[in-house]
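As structure tokens, one chain now follows by itself in the form predicted alone.
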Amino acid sequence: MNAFFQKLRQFFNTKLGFFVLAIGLFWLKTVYAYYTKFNLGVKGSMQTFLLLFNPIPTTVLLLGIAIYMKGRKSYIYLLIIDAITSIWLFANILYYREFSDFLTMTLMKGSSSVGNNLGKSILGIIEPTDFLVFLDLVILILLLAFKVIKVDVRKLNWKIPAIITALSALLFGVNLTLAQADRSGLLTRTFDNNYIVKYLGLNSYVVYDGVKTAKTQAVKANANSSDLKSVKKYIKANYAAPNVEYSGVAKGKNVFIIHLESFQQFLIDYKWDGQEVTPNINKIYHENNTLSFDNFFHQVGQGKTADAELMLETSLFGLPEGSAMVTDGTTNTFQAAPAILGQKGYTSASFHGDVPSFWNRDNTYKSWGYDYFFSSEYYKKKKDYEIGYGMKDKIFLKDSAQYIEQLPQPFYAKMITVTNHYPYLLDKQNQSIEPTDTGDNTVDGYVQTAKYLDQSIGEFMNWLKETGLDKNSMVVFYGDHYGISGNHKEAVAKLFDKKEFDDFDNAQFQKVPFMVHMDGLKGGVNHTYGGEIDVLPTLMNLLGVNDKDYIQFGSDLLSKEHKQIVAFRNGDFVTPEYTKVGSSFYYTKTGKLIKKPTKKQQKILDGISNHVTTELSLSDKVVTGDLLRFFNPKGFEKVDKKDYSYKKSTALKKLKKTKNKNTLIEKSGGSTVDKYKTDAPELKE
């Protein structure tokens, strides 16, 4: 036995032996991360084998680069390459924990647009065991530092590095062949990055993503008007005639879009600590003059809030990687709600208590035709006014009243709340409910920030009533995306007192509120299945705007022809009958797994899957190719970004000029700000 360890140590004292040791340690930590840090949905012996096998080819290739170096340089380069790949693995672990996805080139390119206030989020995400991905590097350095393993300065035969590189290529070829055999079209029909990592590994995913990003950029450069033919054909074939009963019922009304940050449907009527978490929103949800949808899903990808905004304003899906607002918001042509309504006599404004550059809003909003963008630059700034991603909601909404009352009516105003944002922090003086007791720090503070958001909505709605705005306004509420990701299943199971929370449950957990509230509206809880892509066509019908000539991938939720197929960004879907999660299908009503579909069922499932894939692909084609630059809807004038400025001094001068033009101030005979009542402790004298 001693002789074996002696020979093993002698082998590790060679350059080739140290290389093999480094590969072995790197493989161990990668597999550890796969199984403990990611949720890759491995099923069957082949997928298990590929998961264990896929780190080897790229690790041999990357660390093998160091073998080409002479003497000590070989060891230094190996450690540097190990460190870089370890940092990449660590970064993906943190990102995946909250977003259930992997980092992309597009996302990193746009990181400057979303970097504000991320520090607290990252600190809240990190777990001590995450640092184990650097353990192999520490071991190698210590072995060399204490001369347990000695540096071999001898020159290797040039054939050895070449053989190692060739071996890595051969191993990758085997990996790819087996992966394609288990999942056909892996590299051409995949919307979910989990599949690439599961089959080919995290390092191969980087190359895949890089190639995909380059192709996407080339698409825009080579796009022309003929690329719109397939899009137009699809839109025409899937057009759903709007519900005549509701057509124009809100014509000429002001429109408030209330963006409920990270607000999930389960919060409606949810009780904790003996009290309703969201009593004000619950009340609105159940009122007779509110159209509420209880099977409405968010459909965001990596862009999260930005994707939700894009769907809301344009009825185009977000991109599979990154945020379209960041990558394409400045340069693309859009036919968005602010511009469509602006050409119908509406004034448009977006309100957000954070920096204007967040998600590239300051540029994208010009492309969408927003007249005003009231960002953090327009509000009073005090340290205790802000938390997490911008101004606290109560202060933000109250301070927005001064600008709302100056907007010429009718107006289209979007209010973006932020307090109910991960990591769900709230100072004690604003807490009015105890945290939940799941033991998960990410989950337990969620009810506290949700309740605070609800209170701020109650105050805002009271102000609308006090000023009379409630009588001539349509108020739309929607949740932009999940608040609790699928990586917290144990905690969510505790929230609902369930034994387990599986993939089907998580798919249904993606429901968010969608409510349309208006005086005199025929309301009620509607059970139609739909998602954020359907908001714009629904609102356009209510406002009496004919959108048949526009390219929109959603349809009126109230239409009898609405298909009720909710496409998720990764290619999964939910319908009233079936739910798809990864490669599994379930009965939506019961959650029961469909193990062996009948021929008839398989045909239906294949049809829905093809519909979802086509819809996502064509929407991506429109965005990545900037195809709307070749499309001119009847009666719509192309937006000229030069016509818009969000500079505070310019906007205030513009508002001053509209002082006597059908504004709330003019109608009320003076400012109504004093009618806005809030219990925000920060504003008490």
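If you're wondering where the values come from, they're calculated on a predicted model, not measured in any experiment. Heads up: residue numbers just count along the shown sequence, starting at 1. Between two forms, the rigid core is defined as the largest C-alpha subset superposing within 1.5 Å.
The following text describes the form predicted in complex with ligand GP9, which does not appear among the structures shown.
Contact annotation: residue 133 falls outside 4.5 Å of ligand GP9 in the predicted complex, judged by heavy atom distances.
Proximity of residue 418 to ligand GP9 in the predicted complex falls within the 4.5 Å heavy atom cutoff.
Residue contact with ligand GP9 in the predicted complex: residue 327 places no heavy atom within 4.5 Å of it. Using a 4.5 angstroms threshold between heavy atoms, residue 538 stays clear of ligand GP9 in the predicted complex.
The listed set 414, 253, 394, 481 contains one residue whose heavy atoms approach ligand GP9 in the predicted complex to within 4.5 Å, identified as 481. Just one of 198, 580, 304, 451 comes within 4.5 Å of ligand GP9 in the predicted complex, counting any heavy atom, and that one is 304.
Across the options 357-365, 72-80, 138-146, 314-322, residues that bring heavy atoms within 4.5 Å of ligand GP9 in the predicted complex belong to 357-365. Residues from 366-399 that approach ligand GP9 in the predicted complex with a non-hydrogen atom within 4.5 Å are limited to 389.
Comparing the forms between this form and the one not shown, the C-alpha position of residue 183 differs by 2 angstroms or more, with the core used for superposition. Note: the CA-CA distance for residue 183 and residue 618 expands in the predicted complex relative to this form, by 3 angstroms or more.
One change in the predicted complex concerns residue 303 and residue 183, whose Cα atoms lie at least 3 Å closer than in this form.
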